[in-house]
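Heads up, the chain below is alone and in the form predicted alone; it's given as structure tokens.
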């Protein structure tokens, strides 16, 4: 069965075509037929046309049975959903909470539906994995009516990645995710840490929106809400402009004064740029704090795992985060950490082992789509 996976970014479209079955999914033998990235996207319908021009010859007359769409904010949806009018409306209404992502996902869905109207279109939500968080972890300490009436709560994101990494790590041990407590650091342009206890997300660093938590490429992460209210009420700052600043002009980009790309910032820091060094230190320090918090939340862990672009590729950032955690049972092996090897691998054989495990978001979306098709 052919499953197309679409991941619409703010100005890009990633796509991947899989051949899979329930048996293939269970045995990790799904076949990637083709994948691609279209950048500088202005009109999603044009990007989809380009993608289908590439994919059509590879289909050899076969139909695409399902299209899995990555959707960043799914509110309280507990899992992947076949997209009907009600689901489409819900995604649209949640666009206010993920304005850089949900509208693009909807645009990709509508364009893809025009190309393959008979396929089953499925929304796979980044928030769904975190619906297992207990109320004491997801509720803010504000009057209950804001949760009950306005749905103001911590939702968490990167759930597709965290779920795939927890499953992959367990399979590498020949066991089930239910056998482990793991802390996963998804570090890319967007960053989050997740505490996964026996296969269930019990806490994560992102909150009501993807802004909360770690220092990120261009997002501020945690900040005292009173500071923003002060700027609005006392200093006359425009709320919309502040929201734009916090999401697009903050984080590594702001404090380094160089870039939101960790590679550029590390290069500058290595050349003696003090602002760049401060940015790297702030990034690592914030992640270190969340690791300590989640060790406390789960009363320990069976592994610390790094994933995503920075987590998988930057030995320097991993070393900066793990430095000084030896008293908590976490220490890197310098040689293993610096080795440029592909795939999942241990990089620290301490009391709490440290691993790099590449994220498998695309195939996870394909498998969720397959599951929705078979459960209809």
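Residue numbers count along the first chain shown, from 1. Every value quoted in this text rests on a predicted model; they were computed, and no experiment measured them.
Not pictured, yet referred to below: the form predicted together with a small molecule.
The small molecule is not shown here, but in the predicted bound form it comes within 4.5 Å of a heavy atom of residue 188. The small molecule in the predicted bound form comes within 4.5 Å of no heavy atom belonging to residue 331. At least one heavy atom of residue 260 is located within 4.5 Å of the small molecule in the predicted bound form.
Among heavy atoms of residue 346, none comes within 4.5 Å of the small molecule in the predicted bound form.
Checked against the small molecule in the predicted bound form, the residues 321, 67, 51, 310 give one hit for a heavy atom within 4.5 Å, which is 310. The single contact residue among 246, 266, 295, 81, judged by any heavy atom lying within 4.5 Å of the small molecule in the predicted bound form, is 266. The stretch among 25-33, 312-320, 59-67, 43-51 whose residues place heavy atoms within 4.5 Å of the small molecule in the predicted bound form is 312-320.
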